[in-house]
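Encoded as structure tokens, the following chain is the form predicted on its own, with no partner shown.
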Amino acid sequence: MTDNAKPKFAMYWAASCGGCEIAVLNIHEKILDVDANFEVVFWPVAMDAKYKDVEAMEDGSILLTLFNGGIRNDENEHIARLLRRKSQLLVAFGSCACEGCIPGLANLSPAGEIVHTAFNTVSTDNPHGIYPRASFDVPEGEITIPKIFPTLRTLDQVVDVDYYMPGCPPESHQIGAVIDLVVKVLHGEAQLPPKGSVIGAGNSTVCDECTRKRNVKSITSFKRIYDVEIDPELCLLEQGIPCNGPATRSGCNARCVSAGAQCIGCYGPAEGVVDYGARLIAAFASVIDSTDPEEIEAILDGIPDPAGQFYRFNLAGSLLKAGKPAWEKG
């Protein structure tokens, strides 16, 4: 196979932290399989690339694009639409693209308040109260910066998505497995899963991967993990520690709970879960030692950070999508 015959590969980083890019590099020698089987034509974090180069490509000329990050501004949306047009296969790569992830929690606040906080806190040296503008005239012409949207959206709320690969970031061994699959497909040795499938993850829950015993349902209050002397063998949730395993997709090998830390949900909703927060509330209520609705509600109210607990990774992709202030004042 000559270089000219290689299918094209692209990767883009929108509203996210960049951890997905690092996760790809963490596949170690398998990154050589990417180079051997693909021509990398657009990967701004790893190579010099210009938007105009992508715009000049024929539609559908890129075989595979991994798109990580949510859609927070008009630049994100422009590139999402551009790469959708140029790509045969577009993968929502990582929690931010799939669900909104941590940046999506900003959907609880108006965009104006977010900008104000970023440029007007004790950690920001901005004595003259200068705030960014979408455009500014200078002698050389007009300077523009991306315009922030009222809320962050997931990738599939903007463009059609072929596959979803969750994780914050996706586990490196899962990325490696997907790369192996794609390479086999290129060589006619395998077939792609149906469009819309979740790849690089399991089809069950973190609880099914967890080896802790589940046999006690007597929670009378929820506690922060550092307030508890943890039983190394018993289910964390049944020790009163809010653990998101019952609603979270498997695929991480239950790394956190195996190490004594609760699952926080970075692999997103498990198969069949319509709303992650609603499923978690039901799971938490089921282990409470009470049949009194008011008492159950009071115990659930003891969870320190409900929004972060139930929607830390997937507010933008949930049924809620955003808080009322973001819609009204965004």
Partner chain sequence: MTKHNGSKPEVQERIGVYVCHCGTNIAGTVDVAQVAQWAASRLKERGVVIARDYKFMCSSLGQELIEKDIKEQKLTRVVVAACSPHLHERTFRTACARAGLNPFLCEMVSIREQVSWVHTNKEAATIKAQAAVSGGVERVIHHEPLEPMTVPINPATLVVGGGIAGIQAALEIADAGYHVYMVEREPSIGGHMAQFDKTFPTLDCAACILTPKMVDVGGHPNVTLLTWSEVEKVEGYVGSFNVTIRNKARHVKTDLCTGCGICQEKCPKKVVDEVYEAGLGYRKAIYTPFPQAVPKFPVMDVDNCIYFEKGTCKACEKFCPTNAIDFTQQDEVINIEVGNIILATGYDIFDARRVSHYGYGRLANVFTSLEMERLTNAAGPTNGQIVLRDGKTTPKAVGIIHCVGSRDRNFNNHCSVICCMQSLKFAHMVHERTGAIVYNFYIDMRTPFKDYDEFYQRVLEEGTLFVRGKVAEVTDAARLPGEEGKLIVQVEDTLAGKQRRIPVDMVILSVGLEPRKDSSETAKLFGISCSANGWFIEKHPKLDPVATMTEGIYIAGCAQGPKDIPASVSQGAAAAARVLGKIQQKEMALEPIRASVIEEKCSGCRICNDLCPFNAISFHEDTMVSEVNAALCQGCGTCVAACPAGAIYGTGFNNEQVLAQIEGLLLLNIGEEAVPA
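Numbering follows the first chain given and starts at 1. Everything quoted here is computed from the prediction, not taken from an experiment.
Only in words, not in the display: the form predicted in complex with its partner chain, which the text now covers.
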Within 4.5 Å of its partner chain in the predicted bound form: all of 164, 269 and 282, by heavy atom?
yes
Exactly one listed stretch (176-184, 135-143, 156-164, 105-113) reaches within 4.5 angstroms of its partner chain in the predicted bound form by non-hydrogen atoms, and it is 156-164
How about residue 247: is it within 4.5 Å of its partner chain in the predicted bound form, going by heavy atoms?
yes
Report yes if any heavy atom of residue 80 sits within 4.5 Å of a heavy atom of its partner chain in the predicted bound form; otherwise report no.
no
Would you check, heavy atoms only and a 4.5 Å threshold, whether residue 98 touches its partner chain in the predicted bound form?
yes
Non-hydrogen atom contact residue 205 with its partner chain in the predicted bound form at 4.5 angstroms:
yes
Answer option from 236, 91, 256, 198, heavy atom within 4.5 Å of its partner chain in the predicted bound form:
198
Heavy atom within 4.5 Å of its partner chain in the predicted bound form, from candidates 214, 84, 224, 147, belongs to 214
Residues from 286-317 in contact with its partner chain (non-hydrogen atom within 4.5 Å) in the predicted bound form
286, 287, 317
